[in-house]
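Next come structure tokens for two forms of one protein chain, structure 1 first, structure 2 second.
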Structure 1
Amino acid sequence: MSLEFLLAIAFGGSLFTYVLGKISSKLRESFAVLISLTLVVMIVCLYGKTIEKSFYFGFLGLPLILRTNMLSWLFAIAISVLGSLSVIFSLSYIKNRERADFYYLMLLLINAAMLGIVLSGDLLSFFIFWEIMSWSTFLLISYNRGAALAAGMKYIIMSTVGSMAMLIGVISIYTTYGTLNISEIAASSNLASSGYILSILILFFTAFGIKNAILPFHSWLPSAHAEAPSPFSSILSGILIKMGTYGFILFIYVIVGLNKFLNLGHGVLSFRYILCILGALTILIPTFIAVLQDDAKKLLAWSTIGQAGYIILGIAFGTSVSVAGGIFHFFNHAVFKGLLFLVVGAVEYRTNGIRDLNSLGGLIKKMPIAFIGALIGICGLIGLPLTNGFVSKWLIYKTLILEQSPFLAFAALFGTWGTILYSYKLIHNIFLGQLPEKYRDIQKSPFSMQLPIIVLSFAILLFGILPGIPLKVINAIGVSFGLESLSVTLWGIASETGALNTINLFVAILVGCIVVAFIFKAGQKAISVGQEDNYAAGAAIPKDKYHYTVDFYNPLYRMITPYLKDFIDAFYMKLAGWTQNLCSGVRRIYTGYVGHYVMYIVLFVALLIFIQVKWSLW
């Protein structure tokens, strides 16, 4: 199958969807779904194939190359599947909204650009697709205008800084190697000095770190996730920021190479160890900020930053098991975080935009599919057995413990404890407790919203019970990097230090659930009480806030509020203020009055004469 034909379908389909929207909304929606599903089928057909081919010659005198391998295939299938489910979810979510044609155009264009990034075989194509993705993302974050525009501006300014760093790196590589072909650069990188490799990695780390929203480049993400349309938030959190992850993997293990990467620096000053520390900090700090959020989407946004820390930690540690865990966690995070954003989007849709966790509750019977999706999603997020998140986190934990890295292991485990706290808050405040009177007549979410939730929920359980399905692909990726092959089975991984067997876990948990069910059945029946007949610690629950987790973390919040400041974001805002003041001062020079410009010229000539006189005296 031709890769350029695949991208032509992706990009052309996005434009044609926009045109069809001018004719009929039904035609637009049907075609958008058709294009998305077609891309899934086309990418599935590329499984196991290795292709590298130039698709255009003479762009600035350089060929543009497309290629596919196991690494690009894994990212491409995640992009296409989550993209198609988000399009299906959008059918009801965006219905009757203004500028829906523009929304579908941008959504499909972003998916096409991401496919272009992972299929790029040269750094020029990579950079072009990267910019298409970045600017399209800015337009879609800003879709709702108002506060969304400010969030979009914050994103695009930081993204532009990353793009400029990437461009400098691309120019430097071309100047050094005379090519931008990724395969040729990888073959020549062994000859480069460690200092040059380190400088290139720092430049690209800036670009990928901003997109991946790891500390200290995270500040754009919470507001962007909160303001973007929920179906796009699913893509933004689940897969788009992972383009930074793809970039990390590409440069560390494909271009630089395993041995060169592991030997950059020594001890705590090694590039590898610094990345691991950043990953650990990215786990800890955002995770506990998420606990204190009352906006459901901001809670999930901070959670996304924290989970990105696990991915970076696994990839940067550099062993077969850790890299497999990091890549698998990328894949798992795309599934369970995409699911959770869609669940919140369904609740937001039915409650007319309510995302305040203290204003919801009791929706379990009104929206059962959304509740089941939320329950399975947070189980995957926490890493409970029989979910996909358990397997990827187990691989990371195992590596850190066996490799005797106590601080990193503590950060990973402590981050999971924080994940339990905010996950409990999310599901309880939305679905459990008493149902407020104002939501008594609320309807179930439409089928177009339920279907993506069901599919992603099934995927979490499938890859948790049978993790060997994706792990075989991930193991092949690791082997291509020069890592040792893992003993992967359909139900886990075997090793000298112990085997992971999810079938045994499944049987044990099933027996335990049966025992618990018998105990509950033998106990007394629940007694229904009125909504006003509820008390927490002896005090009546406030009216319209019937669940006892309202302001549940207030004591913790009061203790840490004096220290709860995003100093990094505050620094960026000060830097923006200084830049604005400097530009305002420079702008005053351009008065529009010719006499002033003549005076500037005279003063400049006088300065040159003065310098010349002084120079001649010396």
Structure 2
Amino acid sequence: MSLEFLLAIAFGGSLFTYVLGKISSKLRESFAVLISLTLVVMIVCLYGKTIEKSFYFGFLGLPLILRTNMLSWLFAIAISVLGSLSVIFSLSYIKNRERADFYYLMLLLINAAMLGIVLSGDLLSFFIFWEIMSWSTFLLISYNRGAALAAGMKYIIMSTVGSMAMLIGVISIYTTYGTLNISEIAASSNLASSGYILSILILFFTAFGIKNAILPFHSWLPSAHAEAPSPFSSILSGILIKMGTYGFILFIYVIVGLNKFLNLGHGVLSFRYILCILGALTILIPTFIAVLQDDAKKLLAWSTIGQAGYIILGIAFGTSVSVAGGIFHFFNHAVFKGLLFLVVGAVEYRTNGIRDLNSLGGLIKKMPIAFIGALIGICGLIGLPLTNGFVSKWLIYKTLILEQSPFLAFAALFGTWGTILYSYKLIHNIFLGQLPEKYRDIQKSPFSMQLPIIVLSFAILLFGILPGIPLKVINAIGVSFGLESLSVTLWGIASETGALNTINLFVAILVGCIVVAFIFKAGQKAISVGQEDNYAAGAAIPKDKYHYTVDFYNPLYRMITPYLKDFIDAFYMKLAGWTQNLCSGVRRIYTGYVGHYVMYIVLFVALLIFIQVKWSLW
């Protein structure tokens, strides 16, 4: 099966969905699901294949190439699976909203563009798909109106800055090497000077860093994630920003190559070390900003930035274990963050758009599936054993400690503590505690929302207990980069410096659970207390006045707020203000008086003649 056929289905399907929507909404929805599932099946079939093929020569004589290998496949499968789950989730989420045709068109278009990015074998098609993804994302972020407009503008402006940097990079590579084919560039990049490679990397990493929201380019992300429609937030956070990650991997390991990368600069000033520090900072600061958030989606958004820091840290560190950890963490993050956004979306759907953590609470019995999803999701996010997040974080910690990088290891561990704090806040303020009066009659999520939640929850546990499944693929990717092969088993990783064996953990936790169950059985005489009665020690509490989830972590909040202002965002906003002032200043050149205008013309002529007569410049 050819790749261009796959992309044709992806792009054509999105347009066709729009057309079908004009006929009937049922038809549109079934077709959208069909297309996204077809893509999953087609990509599954591509497993293990390596194809590289030029398919189009019409563009300025540059061949456009599509290719697939293990790396592309891993990203493609994540895109298509999360994409189809998000489409299924949208079925009820978007049902009664206006402009649903447009929504599906953009959702599928973005998925198609992302598939294009990971399947492209040359930098030109990479750039083209990247741009298509950027503008369609902008349109979909703005979909919710209101605050979404500002979020969309912020996104697209930063994204354009990145794209322009990338455009210079792409064309510079073309003028230097005379080709844009990734494998050909990779073959000839050894000859280039370090300075040139460094400048190219800086250009590209600006683009990737903006998309991946690493510090200091993160400031578009929180509002964009929060304001986008929730099923799309899950794609945005789970996959779309990871296109930046894909770019990082592609450039560091495929195009520049590991050796060259490690030798760019030296000591503290080496490129790799700076990237690692940026990753570490990206873990630390946003994680604690996330703790301060009261908006569920903003909290998840900041958490996304923090988790992206782990991924970058793992990838940039450049040992075989850390790279495996980084790539695996990308994959896991797609699963659990996708899940958490869907859970919040389900809650938002039933509470008519409320995502303020201070006014929610006690939904555990009303929306049990969503609760379970959230529980498993945050377990994965924190990295509890037997969830997938544990394995990837373990790999990263292990490298950092073994390679003696105390600061980075500390940052990674410290970030996890923050993660625990905000994760707990998230699940507690939504599902635990007192149920506000107005949510008494809330209904369970519809099945089309439950299904993606169940599938993703299951995936977290599956990859947590059997991490070998994805690690096999990731190991193959690592080997193709020229990294040492890890001895991966289905149960974990065998290693001299400390093996990981999830089966032992599984048995241990199982035994633990059995013991607890026995204790529980023994204490059966205890009285069962209602959900709300237990935190006022049985005393009656006034309805809706007593809600202790408000100002969660207040002491911590007061303690860290002064240090955690988003200076970078404030700087960008100032910059935007300055630009605006500058622009309206420049506009005053056009005064509106025709006398001035004629004066400009005369001045122009006189000046040129004067310069020429005086200095003979030309």
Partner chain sequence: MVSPVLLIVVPLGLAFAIPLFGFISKRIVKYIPIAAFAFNLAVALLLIPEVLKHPIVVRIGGFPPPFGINLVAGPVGVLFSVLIAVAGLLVAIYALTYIKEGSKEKYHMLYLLLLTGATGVVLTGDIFNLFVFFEILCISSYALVAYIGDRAGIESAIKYLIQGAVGSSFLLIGIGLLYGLFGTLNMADLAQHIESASPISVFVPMVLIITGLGIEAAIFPLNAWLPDAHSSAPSSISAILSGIAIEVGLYAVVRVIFTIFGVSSIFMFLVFLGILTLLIGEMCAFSQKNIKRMLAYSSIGQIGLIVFAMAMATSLAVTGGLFQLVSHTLGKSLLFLAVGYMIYRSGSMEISSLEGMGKRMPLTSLAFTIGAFSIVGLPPFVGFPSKFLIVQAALAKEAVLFTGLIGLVLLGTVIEGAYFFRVVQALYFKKGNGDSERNEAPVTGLIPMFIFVTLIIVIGIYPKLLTDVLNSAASEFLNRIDYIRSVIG
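Here, residue number means position along structure 1's sequence, counting from 1. All of these numbers come straight from a predicted model, not from anything done at the bench. Just so we're on the same page, rigid core means the largest C-alpha set that superposes within 1.5 Å between forms.
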property: Which of the two shown is the form predicted in complex with its partner chain; result: 2
property: Rigid core superposed: I23 CA moves 2 Å or more between structure 1 and structure 2; result: no
property: For L608, CA displacement between structure 1 and structure 2 after the core is overlaid, in Å; result: 2.5
